[in-house]
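Take a look at this single chain, the form predicted alone, given in structure tokens.
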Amino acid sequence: MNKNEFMDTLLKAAKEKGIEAAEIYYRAGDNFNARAQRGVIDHYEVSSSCSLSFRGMVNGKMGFASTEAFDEQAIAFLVDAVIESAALNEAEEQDEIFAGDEKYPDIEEETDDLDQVTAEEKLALAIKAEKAALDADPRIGQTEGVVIMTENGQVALRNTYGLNLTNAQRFYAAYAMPIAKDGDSTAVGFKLSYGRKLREFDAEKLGKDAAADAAAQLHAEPVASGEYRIVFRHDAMQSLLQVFCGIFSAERAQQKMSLLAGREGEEIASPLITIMDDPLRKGGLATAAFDGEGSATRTKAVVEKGVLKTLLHNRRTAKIQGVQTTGNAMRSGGMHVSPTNFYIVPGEKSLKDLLRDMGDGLMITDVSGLHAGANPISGDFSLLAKGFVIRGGEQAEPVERVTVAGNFYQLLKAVRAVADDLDFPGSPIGSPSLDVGILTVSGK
């Protein structure tokens, strides 16, 4: 039976077995992934997946089950498993099935051409991008590959109250990693492109830009240890924000894992900082009209001109705090809180303006060791970094093998300027470049 017949039959069977309220969350995806290296395709994969999670209320308790099979035996299994699971559920706080909101936002449907581009064309784009990288500079002798991928994902949420919601996410992503070598110096470049219209993807530009990135890093050296004025380029700042965005979760705050608990209305950042969570953002990778519980989503300022306006909530955390959900429920091994299209609002200055205003310092372009070197509770971080010396407002020699240390909460307060180069590097988390003032750098 098809997925709609399966869901209809499952909800009917649940009702007949005495499940008071039931909910289905269905997720499916078709994926294409290929890599070009040394002028040939050395990896090629096409896959499809689908799964269904089912939960239901039995005698005031919630039961859970899931399946990747869609036949009559699976229906019987799911219904019985939910009943058994509910009987074993001793939690004091029980989740509930949400009947749904009266109205959901309209999201402009975006066109794409992913079904029109053949697999052969996708493979040719990957090979073209690698060739462009190799031809761009004689110091580029090989690559770690050019990867091209497409994803067609679908989500459906249905329940016995009549709620029936669907959402689709379709996009492509491609990245190149050329290797530059000059004498005893070696550097790896990286550039990413993503979107919904693959025929507009410029494979040659991706290869050339990645090659330039690799070449610019050659002969990088650590700087002397000390305190430096720092600009985090948008990609490095995005990495930092992605690690620390959990501090804005009400779930984390209620678990005493965020220092922002109870601080709504307080100034927690520079007045230059506004942070948005926008599930309705056009072209966003997390754009959706509903969240994992079926609540309507909405655009909101989490931080506005430095002031914390709200934490992110699902229905459970909102009930505990006595507020409305912000539509940020996410299903991942249970119901949790997660940002959607989450970003620092860009300013009006260019990155060149920020560097010119800074004068002398460092521009950080890449940070690593994020899991071991960042504490999402305290906000402290000590990260291996790469970038460039900025001298007289101009980009100078490349820098590597340095460690930049600070505290994320203090960094937000110390921001001196915000650039206009907001970017989402293949992620729903985005940031522009930021001048974050003085940080400690350990080098030579």
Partner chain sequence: MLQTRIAEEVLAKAVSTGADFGEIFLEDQTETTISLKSGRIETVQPGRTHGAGIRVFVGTQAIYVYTNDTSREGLLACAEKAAAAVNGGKGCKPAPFNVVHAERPEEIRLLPTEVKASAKAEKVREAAAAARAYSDEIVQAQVGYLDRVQDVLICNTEGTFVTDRRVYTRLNVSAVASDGKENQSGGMNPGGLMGFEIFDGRIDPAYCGKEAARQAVTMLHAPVCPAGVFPVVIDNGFGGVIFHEACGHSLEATSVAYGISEFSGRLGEMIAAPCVTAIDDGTIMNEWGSTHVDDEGMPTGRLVLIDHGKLVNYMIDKLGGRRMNMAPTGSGRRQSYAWAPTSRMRNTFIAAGEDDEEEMIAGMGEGLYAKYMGGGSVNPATGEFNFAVNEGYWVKDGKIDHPVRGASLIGRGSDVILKIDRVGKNCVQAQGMCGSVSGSIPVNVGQPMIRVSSLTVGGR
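The term rigid core refers to the maximal set of C-alpha atoms that superpose within 1.5 Å between the two forms. Numbering follows the first chain given and starts at 1. Since the model is a prediction, treat every value here as computed from it, not as a measurement.
The discussion below concerns the form predicted together with its partner chain, not included here.
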Would you classify E251 as touching its partner chain in the model of the complex, given a 4.5 Å non-hydrogen atom cut-off? yes
Partner contact for E90 in the model of the complex: its partner chain, 4.5 angstroms, heavy atom: yes
Using heavy atoms and a 4.5 Å limit, would one call T111 a contact residue for its partner chain in the model of the complex? no
In the model of the complex, does E397 have a heavy atom within 4.5 Å of its partner chain? no
Segment assignment from 132 to 140, 280 to 288, 73 to 81, 307 to 315: heavy atom within 4.5 Å of its partner chain in the model of the complex: 73 to 81
All of K205, E264 and D421 within 4.5 Å of its partner chain in the model of the complex, heavy atom check: no
Heavy atom within 4.5 Å of its partner chain in the model of the complex - the one residue of V323, M257, I107, A301 that qualifies: M257
Though its partner chain is not shown, can you say which of G369, P271, G359, G195 has a heavy atom within 4.5 Å of it in the model of the complex? G369
From first to last in sequence, which residues of 384 to 403 have any non-hydrogen atom within 4.5 angstroms of its partner chain in the model of the complex? L384, K386, E400, R401, V402, T403
Taking the rigid core as the reference frame, is the Cα of G387 displaced by 2 Å or more between this form and the one not shown? no
Shift of A119 between this form and the one not shown at or above 2 Å (CA, core fit): no
When you overlay the rigid core, is the Cα of E45 off by 2 Å or more between this form and the one not shown? no
